[in-house]
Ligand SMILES: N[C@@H](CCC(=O)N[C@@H](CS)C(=O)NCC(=O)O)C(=O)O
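Heads up, the chain below is alone and in the form predicted on its own; it's given as structure tokens.
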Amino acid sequence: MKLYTFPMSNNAMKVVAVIKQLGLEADSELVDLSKGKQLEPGFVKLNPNHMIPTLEDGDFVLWESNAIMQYLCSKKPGNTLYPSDARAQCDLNRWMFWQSSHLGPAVGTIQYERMIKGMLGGGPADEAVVAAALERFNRFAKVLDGHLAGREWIVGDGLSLADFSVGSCFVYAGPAGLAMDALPSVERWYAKLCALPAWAAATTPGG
């Protein structure tokens, strides 16, 4: 398998974390977004959205990080990250869809405005855009905080893909200025996730 990735990408990090957690082997190929490598014809042929991560497994090419994580679990029969029970699986899918549809886009906008925009020479953050994104983040993060009250993990009694998926939204909480102190249950849960060697290695530069 080959994973096309970029070190700073939240979505790439969660896929790398799952690879490490499952003990799988995958070659890594850098797609330097800062140099526009995602727009080169060879990569666009693999992923017409010109986004990372993208997984290549023989003649099978897969994009969308949450789908990639589910596929990776199929490579390791008997793992507990993606349950086989229908209700547990749908519950987990619910949180992965929620991350990609609600929390993720809000966090992505904040990160772009406060972190990435300046790096790319796009000027200062648009505070109106940031304010709107923060309103969405606070709304959805409170849902997560309420759900995690009294729970160790997002779904069921153990670590699952839901934790990796949603956890990716908090990798840059500090630099992005996300108010984690207002989310005590999220803060506790994310600290537990950060204590996992696979997550620490995937989210640490050079890890």
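Quick note: we count residues from 1 along the sequence shown, nothing fancier. Only a predicted model underlies this, so the values are computations on that prediction, with no experimental measurement involved.
Form predicted together with the named molecule: not shown, discussed below.
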Check each of Met51, Ala173, Leu159, Ala26 and return the one that places a heavy atom within 4.5 angstroms of the named molecule in the model of the complex. Met51
Checked Leu148, Val155, Leu46, Leu33 for heavy atoms within 4.5 Å of the named molecule in the model of the complex; positive is Leu33
4.5 Å heavy atom contact, Gln21 to the named molecule in the model of the complex: no
With the cut-off set at 4.5 Å between non-hydrogen atoms, does Glu56 touch the named molecule in the model of the complex? no
If we define contact as a non-hydrogen atom of the residue within 4.5 angstroms of the partner, is Gln70 a contact of the named molecule in the model of the complex? no
Using the arrangement in the model of the complex, list in sequence order the residues of 55-84 with any heavy atom within 4.5 angstroms of the named molecule. Glu64, Ser65
